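As a starting point, one isolated chain is supplied in structure tokens, in the form predicted alone.
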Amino acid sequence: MTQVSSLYLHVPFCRHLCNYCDFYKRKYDPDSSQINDFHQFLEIGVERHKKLMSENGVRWSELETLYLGGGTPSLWGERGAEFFKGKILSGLTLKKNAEFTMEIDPGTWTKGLIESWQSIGLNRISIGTQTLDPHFLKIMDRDHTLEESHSLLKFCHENDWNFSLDFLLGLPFSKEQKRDIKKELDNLLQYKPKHISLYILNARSKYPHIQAIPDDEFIREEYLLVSEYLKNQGFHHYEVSNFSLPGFESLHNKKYWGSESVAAFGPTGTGYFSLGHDKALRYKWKVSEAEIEQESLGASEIDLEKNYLELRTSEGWKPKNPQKMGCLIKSWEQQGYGKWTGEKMKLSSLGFLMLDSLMDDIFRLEAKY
């Protein structure tokens, strides 16, 4: 029987709908019935999820990781902590020292809010800083101010929280206006974050500043500059978009990258049940009702995802047939994309940046056989 020890919950509320963000969210209105409707969605969803688990021979074990993403989960407030404890955690057991993360945007928190969640196990915070340049905050349509960013960062530093920061690259006008990445990172690191998630802006075609997005070569230089800078500061580049100090990797995300089972609740929340070496189930919650869309995966789909996920991390990719991939691996090494250990291919930061292209290389080679 498959056991699940990780849970993701999607909280869809945002104080402001940033024009570049494609995650599912709704503008939060504290005077509306949104929270009550969300609670009803989750209560129905809990029962529907029990049925899904039963149908697939899946059961809960002690929870090792919990992650509240969004949206802006901090807008759920102290009321959310009470509901979460009574309706979601009820019947579940949190493992001692389980990693429990909540995403918090600057300007959407209070000390009381954090303490209410801390009382039920919260011990890690992910902060949506994105940039510490006030000019680019406006360009990125962010609702928070630089002062609000510094206030939350200061609180986390002074209270010795395990916290992560989100940092965006490839911002519009950053080439013409000479965005000073190093200065921003210097300012961020004074607060001693344990983890940094580094993302490249992936804007849709109707994004207002689509013509001002820098070219690929500029973004490549930004990415490699940040990677080198953070590694020199003691951070480990352990996944394409993630850096951590030793021992502070995101345990929750490592579950995904390791193809382990992760349950999910909330609109658009996506879960995964590993049901054996040749069978898996991916499911996604609908938006308008607490119903689930399901996708069954067979051996070929699982192998394909395994290749991609293993290449994403510093743990490395272990090909099923190393001899068949020998010439490809040698070519990657020659181009500086990574190192072959005799068993695994471990990508460099440049290799991480080229991941999609490397997957295409694998597809082309596989097609020959």
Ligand SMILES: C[S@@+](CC[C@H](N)C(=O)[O-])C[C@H]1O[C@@H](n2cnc3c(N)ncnc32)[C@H](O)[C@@H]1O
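If you're wondering where the values come from, they're calculated on a predicted model, not measured in any experiment. Note that residue numbering begins at 1 and tracks the sequence as displayed.
Beyond what is shown, the protein has a form predicted in complex with the named molecule; the following relates to that form.
- Picking from 80 to 88, 160 to 168, 217 to 225, 186 to 194 the stretch near the named molecule in the predicted bound form, with a 4.5 Å limit on heavy atoms, gives 160 to 168.
- Residue in contact with the named molecule in the predicted bound form (any heavy atom within 4.5 Å), chosen from 142, 255, 124, 179: 142.
- A heavy atom within 4.5 Å of the named molecule in the predicted bound form is found for one listed residue only; from 281, 120, 132, 201, this is 201.
- In the predicted bound form, the named molecule sits beyond 4.5 Å of every heavy atom of residue 353.
- In the predicted bound form, at least one heavy atom of residue 103 sits within 4.5 Å of the named molecule.
- The named molecule in the predicted bound form is not approached by residue 338, whose heavy atoms all lie more than 4.5 angstroms from it.
- Although the partner is absent here, residue 71 sits close enough that one of its heavy atoms falls within 4.5 Å of the named molecule in the predicted bound form.
- Residues are counted as partner-facing when one of their heavy atoms sits within 4.5 Å of the named molecule in the predicted bound form; in 20 to 41 these are 20, 21, 22, 23, in sequence order.
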